[in-house]
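So this first bit is one chain, no partners, the form predicted alone, shown in structure tokens.
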């Protein structure tokens, strides 16, 4: 499912931005990669919900902003220099998670990122050197 969504998104990027700058195309490809990965993971993961909320329009952002996986759990104490702070910054939606949930979401996020890298590598390998 990840491959289908990503290839469809790449086709749209190619069709809609033929004459745009490399930086703009790069941003759109990156957004397509993250969105297809989040859609494939589905709403069961906090990081995928955070990515999807980030990519939707303003109206959808307001609707998503109130959702939190840890709604009944009090916020983590504001300790400076905690080892988990780096993970909280890297994993989408990680700022609202307790430590155990953060580790679980990080493992799933890394698994999905590695799938995405393998998919992109297979696309590059199938196109060949310098091909389009």
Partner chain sequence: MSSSRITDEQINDLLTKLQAVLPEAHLRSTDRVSAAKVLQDTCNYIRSLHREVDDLSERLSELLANNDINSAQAAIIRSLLR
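Residue numbers count along the first chain shown, from 1. Remember, predicted model here, so these are calculated numbers, not experimental data.
Below: the form predicted together with its partner chain, not depicted.
Under a 4.5 angstroms non-hydrogen atom cutoff, its partner chain in the model of the complex lacks residue 46 among its neighbouring residues.
Interface membership of residue 38, defined by any non-hydrogen atom within 4.5 Å of its partner chain in the model of the complex, is ruled out.
At least one heavy atom of residue 91 is located within 4.5 Å of its partner chain in the model of the complex. Using a 4.5 Å cutoff between non-hydrogen atoms, residue 53 does not count as a contact of its partner chain in the model of the complex. Shown without its partner, the chain has 3, 6, 7, 10, 11, 14, 22, 25, 26, 29, 30, 33, 34 in segment 1-38 as residues with a non-hydrogen atom within 4.5 angstroms of its partner chain in the model of the complex.
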